[in-house]
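One chain is shown next in structure tokens, namely the form predicted on its own.
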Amino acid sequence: MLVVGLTGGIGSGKTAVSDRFALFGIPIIDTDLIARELVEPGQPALAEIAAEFGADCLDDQGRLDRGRLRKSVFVDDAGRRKLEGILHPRIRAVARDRIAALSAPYCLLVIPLLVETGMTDLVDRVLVVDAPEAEQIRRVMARDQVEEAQARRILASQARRDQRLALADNVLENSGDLAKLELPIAELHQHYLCLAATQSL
């Protein structure tokens, strides 16, 4: 099965794109969703995070307080690396298992930190959703209710646009008008079906 890695910086519109591929019946494996599952109460990863970063990163119900943890790790490179060390190997293992369980011409593996994690070995093609930095910041501020400085810190902690684009086999420009994505996504869907058919020969 062809595995297309979908990536892009925060606020670039990855979810909007993957939702549209899903309308074609394409399986979507989202590593952000896997990460959320891994930090549910009772999961070993959550216990490790609490041990590493302290009980302050949990709310009154014992669930991960994402806002508090985000503020902590995005001002501390060492802390961010520790968090990634806890989560990324587990995310990789779950993603591999879910890909292996699928039966489809192709699937989308959504990996926001594809460049940073080096998970390119999991994918056959890379699709980058690209957006202007100012638009990314605006979206992050609106979606996550954070100040501009915080949004910029998150952006700065990720790979640069040129690093992502250097890996891209395909690029979707998403400057804000989602209607303009419909045709390019439909064309890419057909392209990936053709590639999948060729690969299976």
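What you see is a predicted model, and the numbers here were worked out from it, not measured in a lab. Residue numbers here begin at 1 and follow the sequence given.
The form predicted together with a small molecule is left out here; the points below concern that form.
Enquirer: Give me the residue from Arg143, Arg68, Arg160, Arg152 that has a heavy atom within 4.5 Å of the small molecule in the predicted complex.
Expert: Of the candidates Arg143, Arg68, Arg160, Arg152, Arg143 is the one lying within 4.5 Å of the small molecule in the predicted complex.
Enquirer: Would you check whether the small molecule, in the predicted complex, lies within 4.5 angstroms of a non-hydrogen atom from each of Gly9, Ala16 and Leu178?
Expert: Checking in the predicted complex: Gly9, Ala16 and Leu178 are all within 4.5 Å of the small molecule.
Enquirer: Would you check, heavy atoms only and a 4.5 Å threshold, whether Arg164 touches the small molecule in the predicted complex?
Expert: Because no heavy atom of Arg164 falls inside 4.5 Å of the small molecule in the predicted complex, the answer is no.
Enquirer: Quick one: does Thr31 come within 4.5 Å of the small molecule in the predicted complex, counting heavy atoms only?
Expert: Outside the cut-off, so no.
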